[in-house]
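Quick heads-up: it's one chain on its own, the form predicted alone, in structure tokens.
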């Protein structure tokens, strides 16, 4: 598997990783094939996932700019085509209490509003583009996986109610059973906004919308060399060269350290893995997930899961540390065992799909939308920490504003600060392994 810590490039024209999403997404969109010869553009976008496609679409719709997208493999080949399918009010991995402690109540409210704006942006695109991406009814549950987690969950709900002014509510154990049966549901926080959908259908629809609005999308076009001068940027691909005045880097967890020295080291790629079961019987559905809501639990190494429209269960969580270990069957087996612990009625259920990919965490565990320092007219966004379906699309919209001279497009200062580099790059995964061991110990003890 491609590992951004090891490999210089994610490949060239690689097919999508086999998954439930690929098998059910229908025909892929037409593109503009690989770059051939010499091209020029005002704006070039590196990366054809949610952030890059959204940037291209919003540049065309709102600013009249017809950008060129360079995607190494296929459109939405990375996390945009492999994720857990939750579009909700989210971004990064900092608890609300910590966010308030670090940045204050006013900034916390502003950031919450920007995350909500992201969800509204996705809703608007689905509505205006008549995107058929299997949207499910709204509803997000953070489920207390152990009784001792309930108190902290109630404190979090109070912050949402009293500080943010958002109607999160506590759902008692008996009432949770209406949407979540099984052995690990001792209460939950319910958020009324947020929905599940088919992430690859959404991404491919954004691709079609961007291209029909004038964007050019070159697949099989990895950037293998990048030089800059006062005149602009020269991006070399295996079959051609693209010169541009401005560049957007939208590669997030798939950012090679070789892409550009000014973007290197600002995210830690984290591998997340998903399994999908066979379709359940009516009784199995009743004894596991009778509802269709988005679910995630309160563990340090949390699990996220939902019932799919064809009554399968999608179940995901953190897995391998290194790309070379990603295909190890033990990670699939570990997820399967966790699913069966959570839902005893599904003990031994067949797993039909198993895949994984890289999410990206910044040093602050918060996302970023910023102008890259010490290089002219380069912008980037990322660090969504596995919670970025809606926020990555919103980040693409904000990048389009920045590229067109809009300055910082939100009042949330930390979003637009240059993300700090991770120190001791060569030892990061040693630290990650230690952290995972500690989190697993805490999850077992709590």
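Here the structure is a predicted model, which means the values were calculated and not measured. Residue numbers count along the first chain shown, from 1.
The same protein also exists as the form predicted in complex with a small molecule; that form is not shown, yet it is the one meant from here on.
Next on the checklist: Please determine whether residue 250 contacts the small molecule in the predicted bound form, using a 4.5 Å cut-off between heavy atoms.
Outcome noted: Result yes; residue 250 sits at the interface with the small molecule in the predicted bound form.
Next on the checklist: Is it the case that residue 272, even though its partner is missing from this view, gets within 4.5 Å of the small molecule in the predicted bound form, heavy atoms only?
Outcome noted: Contact with the small molecule, yes.
Checklist entry - At the 4.5 Å heavy atom threshold, is residue 389 in contact with the small molecule in the predicted bound form? => result Judged by the heavy-atom cut-off of 4.5 Å, residue 389 is in contact with the small molecule in the predicted bound form.
Next on the checklist: Given that the small molecule is not shown alongside this chain, does residue 267 nevertheless sit within 4.5 Å of it in the predicted bound form, heavy atom to heavy atom?
Outcome noted: Judged by the heavy-atom cut-off of 4.5 Å, residue 267 is well away from the small molecule in the predicted bound form.
Checklist entry - Here the chain is shown alone; which of 359, 202, 210, 369 has a heavy atom within 4.5 Å of the small molecule in the predicted bound form? => result It is 359.
Next on the checklist: By the heavy atom within 4.5 Å rule, which residue out of 298, 90, 277, 263 makes contact with the small molecule in the predicted bound form?
Outcome noted: Of the listed residues, the single hit is 90.
Checklist entry - For the chain seen here without its partner, which of 389-397, 36-44, 22-30, 402-410 has a heavy atom within 4.5 Å of the small molecule in the predicted bound form? => result In short, 389-397.
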